[in-house]
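So this first bit is one chain, no partners, the form predicted alone, shown in structure tokens.
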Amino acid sequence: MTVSSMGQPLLDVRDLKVHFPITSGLFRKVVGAVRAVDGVSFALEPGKTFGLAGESGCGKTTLARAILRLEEPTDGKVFFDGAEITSMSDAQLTAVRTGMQMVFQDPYSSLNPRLNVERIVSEPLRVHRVGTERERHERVAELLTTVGLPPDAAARHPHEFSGGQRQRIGIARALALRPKLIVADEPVSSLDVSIRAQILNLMRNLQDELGIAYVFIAHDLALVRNMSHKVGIMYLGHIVETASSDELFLHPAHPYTLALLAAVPGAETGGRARERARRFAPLEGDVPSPACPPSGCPFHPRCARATEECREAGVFPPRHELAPGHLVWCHHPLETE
């Protein structure tokens, strides 16, 4: 019996860090590091969705890749289905990868233009030596039907399809090995608005039918709320607030979360949260460089509520649990007022 089958998390990320070295000079001496992910922790139950939101440059994509070991973590641990994958060898990881797959942001660059759809979708089956050639052919036909593409799509090439259809092909490829977890990195951001709802509905239906868990990454808060059971707000390599979807949007507590909500027209928040959001001006400036993060709280240079306590070097904000499962890392969380 696996850990997940006993009611434990399917995915458990603990203090994950991904730092990229900065080198200089003829001998490539390390003079610093880009702290793309700097101590992220969260857990995801089987069949549920963890939404990850934040501005561009906050480390969401690097985190997604590190979870799947497409990017090597600098520190921390990732447990999948009860097994720690961060310390696995390549051979051990190959066996685990059948249970975890990724849907990429760009459906144009993520599909090999030289291969037809049958070869693209069956590639995971070939790599892992699953089934005979006939069984793979039948599996591809089944997958194309599942994602809403006609059977004759198998013989065509990616350039013959629209963006939405290409993303369906990418989803079919991710489903080939019947994974328990799919990491979806901005899966609809490059699609027309009219197509987004179709892809999101497809993902929901697949979750209901197959019990797939998602890590769903987006910068659109409305999408994150619509798709997720639990949400994490990420800023400069850190998760600064996490809660159930409804709780986070009804009772946001971190100033960054409020500022994001204030920038969303017609954001559905609770009464107190709505009044607070109205008082927040849209965020100014960009996310600071992860190569030279601010001292203390990473958000303090853009926070109107920052105090000397927030700026204190080497002191990361403490964790507050405002309600069961609602965590915020802030010296002055709004819900404590």
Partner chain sequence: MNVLKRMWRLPRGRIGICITVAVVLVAVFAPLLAPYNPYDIDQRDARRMRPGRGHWLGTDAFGNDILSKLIYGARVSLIVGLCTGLAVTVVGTFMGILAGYTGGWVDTVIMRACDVIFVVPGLPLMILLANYLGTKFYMIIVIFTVLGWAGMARMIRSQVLSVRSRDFVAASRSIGASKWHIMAEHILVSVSPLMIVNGVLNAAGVMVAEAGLSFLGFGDPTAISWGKMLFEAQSGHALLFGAWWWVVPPGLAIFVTVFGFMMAGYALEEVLNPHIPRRQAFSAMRRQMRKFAAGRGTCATAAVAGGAAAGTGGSRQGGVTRG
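Positions refer to the first chain, counted from 1. Keep in mind that this is a model prediction, so the values were computed, not measured.
Below, we refer to the form predicted in complex with its partner chain, which is not included among the displayed structures.
Given that the partner is absent here, state which listed stretch (98 to 106, 148 to 156, 79 to 87, 135 to 143) has heavy atoms within 4.5 Å of its partner chain in the predicted bound form. That would be 98 to 106.
Can you tell me if H251 lies within 4.5 angstroms of its partner chain in the predicted bound form, counting non-hydrogen atoms only? Output for H251 is no: heavy atoms all beyond 4.5 Å of its partner chain.
May I ask you to check whether G211 falls inside a 4.5 Å heavy atom distance of its partner chain in the predicted bound form? G211: no, not in contact with its partner chain in the predicted bound form.
How about N112: is it within 4.5 Å of its partner chain in the predicted bound form, going by heavy atoms? The answer is yes: N112 has a heavy atom within 4.5 Å of its partner chain.
Could you tell me if R126 has a non-hydrogen atom within 4.5 Å of its partner chain in the predicted bound form? Judged by the heavy-atom cut-off of 4.5 Å, R126 is in contact with its partner chain in the predicted bound form.
Go through K48, R65, R311, R305 and name the one with a heavy atom inside 4.5 Å of its partner chain in the predicted bound form. So the residue touching its partner chain in the predicted bound form, by this definition, is R65.
So, a 4.5 angstroms cut-off on heavy atom distances: do all three of S295, H320 and L334 pass it with respect to its partner chain in the predicted bound form? Not one of the three qualifies.
Even though the chain is shown alone, can you say which residues of 69 to 95 have a heavy atom within 4.5 Å of its partner chain in the predicted bound form? Residues within 4.5 Å: R69, L70, T94.
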